[in-house]
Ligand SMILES: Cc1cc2nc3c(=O)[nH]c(=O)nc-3n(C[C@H](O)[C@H](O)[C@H](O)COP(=O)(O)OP(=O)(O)OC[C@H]3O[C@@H](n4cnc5c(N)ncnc54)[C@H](O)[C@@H]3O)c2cc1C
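In the form predicted on its own, a lone chain appears below as structure tokens.
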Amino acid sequence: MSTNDQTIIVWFRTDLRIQDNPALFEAAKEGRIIPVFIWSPEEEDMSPGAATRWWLHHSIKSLTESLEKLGTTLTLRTGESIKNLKKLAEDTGATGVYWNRRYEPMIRKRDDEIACQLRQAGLTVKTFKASLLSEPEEIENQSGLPFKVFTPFWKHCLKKLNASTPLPAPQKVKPPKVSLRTTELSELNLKPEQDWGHSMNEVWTPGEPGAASALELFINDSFNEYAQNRNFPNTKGTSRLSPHLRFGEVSPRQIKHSLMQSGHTHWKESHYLSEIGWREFGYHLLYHFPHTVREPLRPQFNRFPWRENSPQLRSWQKGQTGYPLVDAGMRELWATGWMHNRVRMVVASFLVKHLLIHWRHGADWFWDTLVDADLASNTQGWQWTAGSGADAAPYFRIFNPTTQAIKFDPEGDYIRKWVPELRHVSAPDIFEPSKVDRGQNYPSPIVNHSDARDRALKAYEKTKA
């Protein structure tokens, strides 16, 4: 540790961890630290949804406990970020503000403005790479342009992947010399008024320790069979690290390092690391094409004849479409704040291709209900499904929910778990909407698959005009 006795503000955002946190690690060398989290949802590109607010409440609580063990306290503030940072510096004599970079369009602009104002006020500002393996500005194709196709993007990233090890947490940090006012966590009103989080409490352990446990469990129990099991929603074949990554309770570098140290010889070519690559690709696209949050990357999709159908949208949201796999996924989402990725693709395809409802409605619903709602991944995923984004699914690829269920939930166990009306229905009848006994209070299909497919193909012809 340095013998310096400077005071540095460490601004926590989507990096709620003490391990491998460059801003915290570097600030600890300078002397005293003021860790601060500022709740300013109006400054975000999109205000956090209900599920992510629930997770954030618990993640902040976990970070507070970790920092207290190091000898300091997390200061909570609400309101305009620049005003809070300036006031903290004035009250404590802090000489600098350190933070880890974010890449969302509005946040980037805000952070640049904040850095400028802080420097004008005489403060040192240092920012660090902490949430990606490769930052968007570091990756470009041979023409000096951003990538729009995943495979060459990821091959390029893998060539640049280095063997850097995660940073340790500081052993101890010095608190500021003055006591600080802090907002109570309960005053942020992050937890839902209704008891929506009850089921999520049973499923998730937000916070850095929960992330570390999930990573260790995945590598020891599931990584070897990930390529085979990742598509089966009733099998524990995925890492379930996505919400931990979303809040920065674990870093991609920690995941990469754990894979390297695991003894698995083909970790670098693994399907799992490529899923981390898709997250990187999402941020690459969001950085270079910020308009895609609300508009199609491929402009010809502005001609697509989307339909407004509120009753069908509500049926989809509530898991009442009459298609068992779709409904199971939507109900899992509502109960746990998460949905298996294979099922996400099926339910998303159903909304935009069977119902021709704009992908933005789906993106908004996922944004509000997913604990791992991430602007880059959510945008990329929905544009991919709609066919309007980079490396998008072909327009003629329209998932059949029935055949998807037969293939990936062959015994019907996932469906029976989340659609209790069908718990007495056996395979194969449970997969076919026309064979399900409607006496179980299960709805009839809101659309015929064959008719919907034909309608979707005709609609997609409009994008070729």
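Just count from 1 along the sequence shown to find any residue number. Because the structure is a prediction, the values reported are computed rather than measured.
The form predicted in complex with this ligand is left out here; the points below concern that form.
- No residue of the trio V36, R108 and K129 has any heavy atom within 4.5 Å of this ligand in the predicted complex.
- Note that among 98-106, 82-90, 171-179, 378-386, the stretch whose heavy atoms approach this ligand to within 4.5 Å in the predicted complex is 378-386.
- Of the residues given (R344, H288, R331, H156), R344 alone sits with a heavy atom within 4.5 Å of this ligand in the predicted complex.
- Only one of A348, L355, L133, A211 lies close to this ligand in the predicted complex, with a heavy atom inside 4.5 Å, and it is A348.
- Looking at S239, you'd find a heavy atom of it within 4.5 angstroms of this ligand in the predicted complex.
- Among heavy atoms of D374, some come within 4.5 Å of this ligand in the predicted complex.
- This ligand is not drawn, but in the predicted complex it has no heavy atom within 4.5 Å of A390.
- Shown alone here, I139 lies farther than 4.5 Å from this ligand in the predicted complex, counting heavy atoms only.
- Contacts to this ligand in the predicted complex (heavy atom within 4.5 Å) from stretch 249-281: Y272, E275, I276, W278, R279.
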